[in-house]
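Form predicted alone, single chain, as structure tokens, below.
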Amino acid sequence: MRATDIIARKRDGEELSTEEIRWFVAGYTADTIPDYQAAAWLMAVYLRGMSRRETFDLTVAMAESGDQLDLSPVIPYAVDKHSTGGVGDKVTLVVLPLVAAAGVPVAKMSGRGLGFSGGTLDKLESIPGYRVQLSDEEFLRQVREHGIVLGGQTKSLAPADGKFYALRDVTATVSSLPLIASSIMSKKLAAGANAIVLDVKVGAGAFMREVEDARALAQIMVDIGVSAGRQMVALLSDMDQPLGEAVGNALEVREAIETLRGGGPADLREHCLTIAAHMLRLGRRDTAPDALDRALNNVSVLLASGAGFGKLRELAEAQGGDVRVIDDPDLLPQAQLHEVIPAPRGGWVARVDALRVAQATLELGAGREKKEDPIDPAVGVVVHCKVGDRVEAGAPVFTIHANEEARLVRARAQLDQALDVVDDSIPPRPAFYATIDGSE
């Protein structure tokens, strides 16, 4: 085979064979196909798309490009979750302890944030001493002993995806649905999951701005998983406004702790219980008509009892984290500067722009624009209102947590454009738009 022939066939809108896709992925991973040919192929895919079969073949080829984690010795049936990224998305920190407390072991590899989407690993590293990088042996031993592990993805898992992702970022080919879906699912398949719950965000603070685009992406990923023999559920969730109140690493850890203690914002609590219930149903392989309702009741009881909080403590301690921080979140990193932004007028909140809030936290240093950028764990924004709330003039709507005055000023400029207040009442935004179930 020749790379130029495969590029030309995709450029001309032809369907590539399984062998051609596997050959191309293997060649690029092994550096026998150079970046400039891979870039041309990515652009051809971006412009011409891929069939369902091609997308599945690409996913499997990337999943098989490196090591594949076998969880079966410690978890006979492994359930995982993935979020497409959002503003204030600390869901994993709440959901995994709840599912593990229900007796379903969970072993998850998460990533770092890039751009306005905060990464779970960055949040975890707000906990002093918490080790995110574990060897495969440590990863498996921890889930065997504690029923829960949450760390970083190893470079040996789906290395082809890492190479293609970096190239997509600099060739304006990120927003291709087949490339997005195969990137996400290749890592999930390589990480050993038998069942996967996908949380596909849609709105101003998400990669997918429209519900139908998010639905299309979710359906492709569900189809890939089903074709690979996995049980799949995808939920389309709202990301027009931030999830919960806290946006910023240590602030989000604090909010996750508060939620596991039975408090926290209502929207975050509802979201986490829903995701946890789907994971629990899949993990138990329960197909009864009332299985989801029973799972939801189960995780609700575990949340109220504090069992989920206890599992978070166990997770942090097992991975070297300072458990005193879990017991007393005031020990988490804290910013030196705080500024409250008041509502400019009284009325009903019509918009809390998740993207503007995210850009404000990026200005503060809570996120990174390049992979090598440092993260300030203490900074961020707390949002005090939701769409549909009634606010009075002068009431707090945002609180900025900053460590530099200049950064605070830039963040304030973003937040000044993040809120709309109107005279007439506005309905609250939905938590979820749709569920696509491929597990039946």
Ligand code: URA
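Throughout, we count residues from 1 along the sequence that is shown. Quantities reported herein were computed from a predicted structural model and do not represent experimental measurements.
The next section is about a form of this same protein that is not shown, the form predicted in complex with uracil (URA).
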- Which listed residue (Q219, Q142, T154, S183) meets the criterion of a heavy atom within 4.5 Å of uracil (URA) in the model of the complex? S183
- Using heavy atoms only and a 4.5 Å cut-off, determine which of R356, K201, K123, R168 is in contact with uracil (URA) in the model of the complex. R168
- Query: Only one of 184-192, 261-269, 317-325, 96-104 gets a heavy atom within 4.5 Å of uracil (URA) in the model of the complex; which is it?
  - Reply: 184-192
- Query: Hey, in the model of the complex, is A234 touching uracil (URA), heavy atoms inside 4.5 Å?
  - Reply: no
- Message: Using a 4.5 angstroms cut-off on non-hydrogen atoms, would I275 count as touching uracil (URA) in the model of the complex?
- Response: no
- Task: Find out whether any non-hydrogen atom of L179 is located within 4.5 angstroms of uracil (URA) in the model of the complex, and reply yes or no.
- Result: yes
- Query: Counting only non-hydrogen atoms and a 4.5 angstroms cut-off, does Y77 reach uracil (URA) in the model of the complex?
  - Reply: no
- Task: Between 198-213 and uracil (URA) in the model of the complex, list the residues on our side with a heavy atom within 4.5 Å.
- Result: F207
